[in-house]
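Read the single chain below, which is given as structure tokens and is the form predicted on its own.
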Amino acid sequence: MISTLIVDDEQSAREELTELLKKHQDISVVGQCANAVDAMEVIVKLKPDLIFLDIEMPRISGMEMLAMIDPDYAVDIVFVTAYDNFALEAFEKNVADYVLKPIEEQRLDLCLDKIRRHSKSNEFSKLAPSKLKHLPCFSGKILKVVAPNDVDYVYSDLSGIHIVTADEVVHSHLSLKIMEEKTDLIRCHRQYLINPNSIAEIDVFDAGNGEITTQRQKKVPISRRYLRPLKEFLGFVS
């Protein structure tokens, strides 16, 4: 059974595709999402085998959402678009396939046949933007989008990933690894990322570790492993 997620901001498009997929007994639609925030939650929890991803979505586009998916997670991506100019050779090389809206049943059948013939890959990461402009977050049932420049620091604990801004603490399904690689946040501890612009001072301890005081007087730990790289990044080590 191929577990499948549909990500499209248009409800009618999601429902239409779901109905077409019901005709295929080996396809199980495990979720329908209207935005990247919801989609990342489903991806983290369910790890679907196949994602139908609309390219043109508001705020966080399908292309930017690609950059949020862990490149170590092998999954087939099928782009869904209303625009022929997106159906480029690069898509054919780096994603499983693409389908144009309105989706033709025969074209979808060919796409699914292609999915069945090859194993899942993470080649889509070659198409993903190198930097994220938005971080999909949530606070309870409220969905939020935070700009990386507005982040003071990020930390992880047993309850998940927490993003601290000037105004609030919100949560995200993005990994620290993705945020470290795709934003200007830098690692200062195994469980912490810091915005360099938020650093007011660094206190170095005799044990070889340290502590950051942010511009808003918050304390962020620095582990021994990351103290020297952090100091070098900030130009404090010759």
Partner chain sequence: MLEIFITLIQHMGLFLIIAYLASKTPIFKPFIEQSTRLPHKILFCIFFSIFCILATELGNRIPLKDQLGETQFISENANSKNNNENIAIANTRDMGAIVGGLLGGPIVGFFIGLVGGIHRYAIGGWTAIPCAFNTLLAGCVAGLFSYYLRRAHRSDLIFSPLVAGGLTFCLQCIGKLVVLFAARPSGDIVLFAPPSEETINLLKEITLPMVFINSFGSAIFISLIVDRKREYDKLASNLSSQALRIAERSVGILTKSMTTKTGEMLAKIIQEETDIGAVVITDTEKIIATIGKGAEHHEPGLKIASEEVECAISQNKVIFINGVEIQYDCPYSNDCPFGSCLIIPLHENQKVVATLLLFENKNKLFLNINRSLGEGIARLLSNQLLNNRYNQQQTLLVQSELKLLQAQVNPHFLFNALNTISAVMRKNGDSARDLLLHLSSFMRKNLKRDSSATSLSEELEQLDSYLVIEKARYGDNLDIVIDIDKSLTACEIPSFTLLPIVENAIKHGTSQSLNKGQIIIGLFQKKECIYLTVEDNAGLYQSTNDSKGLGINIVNKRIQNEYGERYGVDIAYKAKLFTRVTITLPLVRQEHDQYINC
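Keep in mind the model is a prediction, meaning the values are calculated, not measured. Positions refer to the first chain, counted from 1.
Separately, the form predicted together with its partner chain exists; it is not shown, and the next lines address it.
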Tell me whether E16, L20 and P58, taken together, all sit within 4.5 Å of its partner chain in the predicted bound form, counting heavy atoms only. yes
Exactly one of V37, M179, L50, I43 has a non-hydrogen atom within 4.5 Å of its partner chain in the predicted bound form; which residue is it? V37
Just to confirm, with a 4.5 Å cut-off on non-hydrogen atoms, which of A166, L110, A82, A74 contacts its partner chain in the predicted bound form? A82
Just to confirm, K144 within 4.5 Å of its partner chain in the predicted bound form by heavy atoms? yes
With a cut-off of 4.5 Å between heavy atoms, is Q25 one of the residues that contacts its partner chain in the predicted bound form? no
Any of the heavy atoms of K101 lying within 4.5 Å of its partner chain in the predicted bound form? yes
Verify the contact flag for Q217: yes if a non-hydrogen atom of it lies within 4.5 Å of a non-hydrogen atom of its partner chain in the predicted bound form, no if not. no
Quick check for you: of 58-66, 169-177, 200-208, 182-190, which stretch puts a non-hydrogen atom within 4.5 Å of its partner chain in the predicted bound form? 58-66
